[in-house]
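A single chain, nothing else alongside it, follows as C-alpha coordinates in the form predicted alone.
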Amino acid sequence: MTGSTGGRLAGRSAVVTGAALGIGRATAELFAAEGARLVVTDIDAAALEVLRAALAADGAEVRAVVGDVSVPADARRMVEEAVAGYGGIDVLVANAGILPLQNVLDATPEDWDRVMAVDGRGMFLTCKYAIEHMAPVGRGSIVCLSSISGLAGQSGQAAYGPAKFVASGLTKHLAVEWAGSGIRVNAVAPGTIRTDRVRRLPQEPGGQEYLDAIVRQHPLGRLGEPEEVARAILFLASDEASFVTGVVLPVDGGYLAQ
(Lines give C-alpha, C1' and ligand atoms only; values in the text may rest on other atoms or scores of the structure.)
Protein backbone atom coordinates (compact mmCIF):
# COMPACT_ATOMS: atom_id res chain seq x y z
CA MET A 1 0.00 0.00 0.00
CA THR A 2 1.25 3.46 -0.82
CA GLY A 3 -0.24 6.84 -0.07
CA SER A 4 -1.92 8.61 -2.99
CA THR A 5 -3.06 12.11 -3.85
CA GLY A 6 -5.41 10.62 -6.44
CA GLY A 7 -8.02 7.95 -5.99
CA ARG A 8 -11.68 7.62 -5.20
CA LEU A 9 -11.35 9.37 -1.84
CA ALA A 10 -8.75 11.95 -2.82
CA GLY A 11 -8.69 14.73 -0.24
CA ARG A 12 -11.65 13.33 1.71
CA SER A 13 -11.53 13.30 5.48
CA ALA A 14 -12.43 9.84 6.83
CA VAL A 15 -12.78 8.40 10.32
CA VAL A 16 -12.46 4.62 10.69
CA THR A 17 -13.33 3.22 14.12
CA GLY A 18 -11.96 -0.10 15.32
CA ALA A 19 -9.17 0.38 12.81
CA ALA A 20 -6.29 -1.45 14.47
CA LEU A 21 -7.11 -4.94 13.22
CA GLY A 22 -9.23 -6.96 10.81
CA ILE A 23 -11.78 -5.24 8.60
CA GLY A 24 -11.01 -1.86 10.15
CA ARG A 25 -7.33 -2.10 9.33
CA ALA A 26 -7.98 -3.33 5.80
CA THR A 27 -10.39 -0.42 5.30
CA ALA A 28 -7.91 2.15 6.60
CA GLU A 29 -5.19 0.80 4.32
CA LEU A 30 -7.47 0.86 1.28
CA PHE A 31 -8.78 4.35 2.07
CA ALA A 32 -5.22 5.63 2.40
CA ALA A 33 -4.34 4.11 -0.97
CA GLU A 34 -7.36 5.93 -2.43
CA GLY A 35 -6.18 9.31 -1.16
CA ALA A 36 -8.20 9.74 2.05
CA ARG A 37 -6.97 11.86 4.95
CA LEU A 38 -7.52 9.52 7.86
CA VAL A 39 -8.39 9.46 11.52
CA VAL A 40 -7.98 5.90 12.77
CA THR A 41 -9.35 4.95 16.17
CA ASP A 42 -9.26 1.94 18.45
CA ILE A 43 -9.18 0.97 22.10
CA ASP A 44 -5.93 -0.96 21.51
CA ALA A 45 -3.29 1.77 21.68
CA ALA A 46 -0.31 -0.42 20.72
CA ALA A 47 -1.93 -1.97 17.65
CA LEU A 48 -3.31 1.40 16.59
CA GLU A 49 0.16 2.97 16.71
CA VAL A 50 1.53 0.17 14.54
CA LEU A 51 -1.15 0.96 11.95
CA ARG A 52 -0.63 4.73 12.17
CA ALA A 53 3.11 4.40 11.72
CA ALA A 54 2.72 2.06 8.74
CA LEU A 55 0.26 4.35 6.99
CA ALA A 56 2.39 7.43 7.66
CA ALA A 57 5.49 5.66 6.35
CA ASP A 58 3.61 5.02 3.11
CA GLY A 59 2.82 8.71 2.76
CA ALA A 60 -0.73 8.85 4.10
CA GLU A 61 -2.11 11.77 6.09
CA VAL A 62 -3.18 10.00 9.27
CA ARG A 63 -4.05 10.83 12.86
CA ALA A 64 -4.79 8.30 15.61
CA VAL A 65 -7.24 8.53 18.50
CA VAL A 66 -7.26 5.93 21.27
CA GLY A 67 -10.69 5.58 22.82
CA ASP A 68 -13.85 3.60 23.45
CA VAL A 69 -16.72 4.34 21.06
CA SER A 70 -19.25 3.56 23.80
CA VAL A 71 -18.00 6.56 25.85
CA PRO A 72 -19.58 9.77 24.53
CA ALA A 73 -16.50 11.94 25.15
CA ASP A 74 -14.28 9.44 23.32
CA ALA A 75 -16.67 9.06 20.39
CA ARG A 76 -16.95 12.82 20.02
CA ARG A 77 -13.17 13.20 20.20
CA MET A 78 -12.74 10.79 17.28
CA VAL A 79 -14.90 12.97 15.06
CA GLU A 80 -13.49 16.24 16.38
CA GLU A 81 -9.98 15.10 15.49
CA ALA A 82 -10.99 15.01 11.83
CA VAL A 83 -12.70 18.39 12.07
CA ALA A 84 -9.71 20.00 13.82
CA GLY A 85 -7.10 18.38 11.59
CA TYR A 86 -8.78 18.35 8.21
CA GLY A 87 -11.52 20.95 8.45
CA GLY A 88 -14.44 18.53 8.54
CA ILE A 89 -15.53 14.92 8.17
CA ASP A 90 -16.60 13.50 4.81
CA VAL A 91 -16.73 9.78 5.62
CA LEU A 92 -17.37 7.74 8.75
CA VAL A 93 -16.81 3.99 8.86
CA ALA A 94 -18.50 2.85 12.08
CA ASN A 95 -16.66 -0.44 12.39
CA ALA A 96 -15.74 -0.83 16.07
CA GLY A 97 -17.33 -3.87 17.66
CA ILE A 98 -16.86 -6.99 19.75
CA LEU A 99 -17.93 -10.52 18.87
CA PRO A 100 -18.84 -12.79 21.79
CA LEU A 101 -19.91 -16.31 20.79
CA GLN A 102 -22.47 -17.37 23.39
CA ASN A 103 -25.92 -18.86 23.46
CA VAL A 104 -28.62 -17.25 25.57
CA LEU A 105 -27.99 -19.57 28.54
CA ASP A 106 -24.27 -18.86 28.67
CA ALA A 107 -24.48 -15.11 28.06
CA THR A 108 -24.78 -13.02 31.21
CA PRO A 109 -26.62 -9.72 31.55
CA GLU A 110 -23.18 -8.10 31.70
CA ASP A 111 -22.22 -9.74 28.38
CA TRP A 112 -25.40 -8.34 26.81
CA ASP A 113 -24.75 -4.86 28.16
CA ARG A 114 -21.14 -4.84 26.93
CA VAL A 115 -21.85 -5.89 23.35
CA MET A 116 -24.79 -3.50 23.13
CA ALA A 117 -22.60 -0.70 24.50
CA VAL A 118 -19.87 -1.16 21.90
CA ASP A 119 -21.71 -2.51 18.86
CA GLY A 120 -24.94 -0.56 19.37
CA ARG A 121 -24.39 2.53 21.50
CA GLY A 122 -20.91 3.12 20.05
CA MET A 123 -22.26 3.09 16.50
CA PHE A 124 -25.09 5.43 17.49
CA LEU A 125 -22.67 7.88 19.12
CA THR A 126 -20.13 8.00 16.30
CA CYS A 127 -22.91 8.43 13.72
CA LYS A 128 -24.50 11.16 15.86
CA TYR A 129 -21.33 13.20 16.21
CA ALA A 130 -20.39 12.76 12.54
CA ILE A 131 -23.83 13.91 11.40
CA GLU A 132 -23.54 17.02 13.61
CA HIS A 133 -20.72 18.15 11.32
CA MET A 134 -21.96 16.68 8.03
CA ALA A 135 -25.45 18.19 8.12
CA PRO A 136 -24.45 21.88 8.10
CA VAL A 137 -22.31 21.39 4.96
CA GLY A 138 -24.91 19.24 3.24
CA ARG A 139 -22.84 16.17 2.45
CA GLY A 140 -21.32 13.07 3.96
CA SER A 141 -21.17 9.29 3.71
CA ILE A 142 -21.50 6.87 6.62
CA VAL A 143 -20.86 3.13 6.36
CA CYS A 144 -21.86 0.99 9.33
CA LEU A 145 -20.68 -2.54 9.98
CA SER A 146 -23.59 -4.90 10.31
CA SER A 147 -23.33 -8.66 9.74
CA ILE A 148 -25.19 -11.62 8.32
CA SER A 149 -26.20 -11.92 11.98
CA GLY A 150 -27.88 -8.53 11.60
CA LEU A 151 -30.16 -9.84 8.85
CA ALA A 152 -30.73 -13.48 9.80
CA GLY A 153 -30.59 -15.65 12.90
CA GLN A 154 -27.56 -17.71 13.86
CA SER A 155 -26.96 -20.00 16.81
CA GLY A 156 -24.40 -19.04 19.42
CA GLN A 157 -24.83 -15.31 18.92
CA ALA A 158 -27.57 -14.40 21.38
CA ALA A 159 -25.97 -11.04 22.24
CA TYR A 160 -23.91 -10.25 19.14
CA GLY A 161 -26.64 -10.95 16.59
CA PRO A 162 -29.23 -8.58 18.11
CA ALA A 163 -26.54 -5.88 18.33
CA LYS A 164 -25.99 -6.23 14.60
CA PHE A 165 -29.74 -5.94 14.01
CA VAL A 166 -29.31 -2.57 15.73
CA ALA A 167 -26.64 -1.71 13.15
CA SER A 168 -28.93 -2.65 10.26
CA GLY A 169 -31.85 -0.72 11.72
CA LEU A 170 -29.82 2.35 12.59
CA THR A 171 -28.52 2.42 9.02
CA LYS A 172 -31.99 2.46 7.48
CA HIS A 173 -33.45 5.01 9.88
CA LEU A 174 -30.55 7.42 9.59
CA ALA A 175 -30.56 7.08 5.80
CA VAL A 176 -34.15 8.27 5.62
CA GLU A 177 -33.74 10.87 8.33
CA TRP A 178 -30.71 12.59 6.76
CA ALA A 179 -31.11 12.07 3.02
CA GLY A 180 -32.46 15.61 2.69
CA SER A 181 -29.20 16.91 4.16
CA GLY A 182 -27.09 15.16 1.53
CA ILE A 183 -25.88 12.45 3.89
CA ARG A 184 -25.85 8.86 2.69
CA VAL A 185 -25.93 6.05 5.27
CA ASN A 186 -25.29 2.46 4.25
CA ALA A 187 -23.96 -0.72 5.82
CA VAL A 188 -22.11 -3.86 4.87
CA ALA A 189 -23.16 -7.23 6.25
CA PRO A 190 -20.12 -9.49 6.16
CA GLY A 191 -20.30 -13.24 6.39
CA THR A 192 -17.62 -14.93 8.42
CA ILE A 193 -14.35 -13.15 7.67
CA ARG A 194 -10.81 -14.32 8.45
CA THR A 195 -10.13 -11.62 11.01
CA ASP A 196 -7.69 -12.06 13.88
CA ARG A 197 -10.61 -13.11 16.08
CA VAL A 198 -11.68 -15.85 13.67
CA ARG A 199 -8.10 -17.05 13.19
CA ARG A 200 -7.93 -17.70 16.95
CA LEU A 201 -10.97 -19.98 16.94
CA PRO A 202 -9.06 -23.24 16.30
CA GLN A 203 -7.20 -22.69 19.59
CA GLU A 204 -10.46 -22.53 21.55
CA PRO A 205 -12.47 -25.56 22.72
CA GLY A 206 -14.74 -26.62 19.88
CA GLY A 207 -13.49 -23.74 17.78
CA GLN A 208 -12.27 -25.76 14.79
CA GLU A 209 -15.51 -27.72 14.57
CA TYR A 210 -17.48 -24.47 14.77
CA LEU A 211 -15.33 -22.94 12.04
CA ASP A 212 -15.65 -25.96 9.75
CA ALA A 213 -19.44 -25.82 10.08
CA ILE A 214 -19.46 -22.09 9.30
CA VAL A 215 -17.39 -22.60 6.14
CA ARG A 216 -19.89 -25.19 4.91
CA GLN A 217 -22.70 -22.65 5.32
CA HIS A 218 -21.11 -20.25 2.82
CA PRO A 219 -21.95 -21.38 -0.74
CA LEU A 220 -18.61 -20.14 -2.11
CA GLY A 221 -17.00 -22.71 0.19
CA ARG A 222 -14.59 -20.45 2.04
CA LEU A 223 -14.39 -17.59 4.48
CA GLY A 224 -14.07 -14.00 3.31
CA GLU A 225 -10.98 -11.83 3.63
CA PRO A 226 -10.96 -8.42 5.35
CA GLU A 227 -9.85 -6.79 2.08
CA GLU A 228 -12.98 -8.06 0.34
CA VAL A 229 -15.20 -6.29 2.86
CA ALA A 230 -13.02 -3.17 2.68
CA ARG A 231 -13.61 -2.93 -1.08
CA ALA A 232 -17.38 -2.96 -0.52
CA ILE A 233 -17.02 -0.26 2.14
CA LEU A 234 -14.96 1.85 -0.26
CA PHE A 235 -17.67 1.59 -2.91
CA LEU A 236 -20.39 2.71 -0.50
CA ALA A 237 -18.24 5.53 0.89
CA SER A 238 -17.27 6.89 -2.53
CA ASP A 239 -19.13 8.88 -5.18
CA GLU A 240 -19.53 5.65 -7.14
CA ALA A 241 -22.46 4.98 -4.78
CA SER A 242 -23.87 8.52 -5.03
CA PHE A 243 -27.47 7.28 -5.48
CA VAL A 244 -27.19 4.51 -2.88
CA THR A 245 -28.49 5.03 0.66
CA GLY A 246 -30.23 2.87 3.24
CA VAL A 247 -28.67 -0.31 1.85
CA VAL A 248 -27.33 -3.18 3.95
CA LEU A 249 -25.00 -4.88 1.47
CA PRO A 250 -24.15 -8.54 2.13
CA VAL A 251 -20.52 -9.50 1.56
CA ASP A 252 -21.06 -13.08 2.54
CA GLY A 253 -20.14 -15.64 -0.11
CA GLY A 254 -23.82 -16.32 -0.78
CA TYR A 255 -24.80 -17.08 2.82
CA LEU A 256 -27.97 -15.00 2.82
CA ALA A 257 -29.03 -16.15 -0.66
CA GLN A 258 -29.95 -19.60 0.67
Ligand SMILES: NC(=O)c1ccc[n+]([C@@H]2O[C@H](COP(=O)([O-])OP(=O)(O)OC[C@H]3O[C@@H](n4cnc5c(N)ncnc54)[C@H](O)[C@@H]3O)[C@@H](O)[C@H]2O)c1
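Start at 1 with the first residue shown and count on from there. C-alpha atoms forming the largest set that superposes within 1.5 Å between two forms make up the rigid core. Because the structure is predicted, anything quoted here is derived from the model rather than measured.
Missing here is the form predicted together with the named molecule; even so, the following discussion is about that form.
Fill in: Heavy atom of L145 within 4.5 Å of the named molecule in the model of the complex
Yes, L145 sits close enough to the named molecule in the model of the complex that at least one of its heavy atoms falls within 4.5 Å.
Fill in: the named molecule contact in the model of the complex: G97, any heavy atom under 4.5 Å
It does: once the named molecule is placed as it appears in the model of the complex, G97 has a heavy atom within 4.5 Å of it.
Worksheet item: Would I193 sit within 4.5 Å of the named molecule in the model of the complex, counting heavy atoms only?
Response: Because a heavy atom of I193 falls inside 4.5 Å of the named molecule in the model of the complex, the answer is yes.
Worksheet item: At the 4.5 Å heavy atom threshold, is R216 in contact with the named molecule in the model of the complex?
Response: No, no contact at 4.5 Å.
Worksheet item: Judged by heavy atoms and a 4.5 Å cut-off, are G18, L21 and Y160 together in contact with the named molecule in the model of the complex?
Response: Yes, because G18, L21 and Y160 each have a heavy atom that approaches the named molecule to within 4.5 Å in the model of the complex.
Discussion item. Please pick out the stretch from 183 to 191, 169 to 177, 81 to 89, 132 to 140 that is in contact with the named molecule in the model of the complex, where contact means heavy atoms within 4.5 Å.
Written reply: Selected range: 183 to 191.
Fill in: the named molecule: the contacting residue among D58, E227, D44, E61 in the model of the complex [heavy atom, 4.5 Å]
In short, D44.
Worksheet item: Once you line up the core, how about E204: does its CA shift reach 2 Å between this form and the one not shown?
Response: Yes, the C-alpha moves 2 Å or more.
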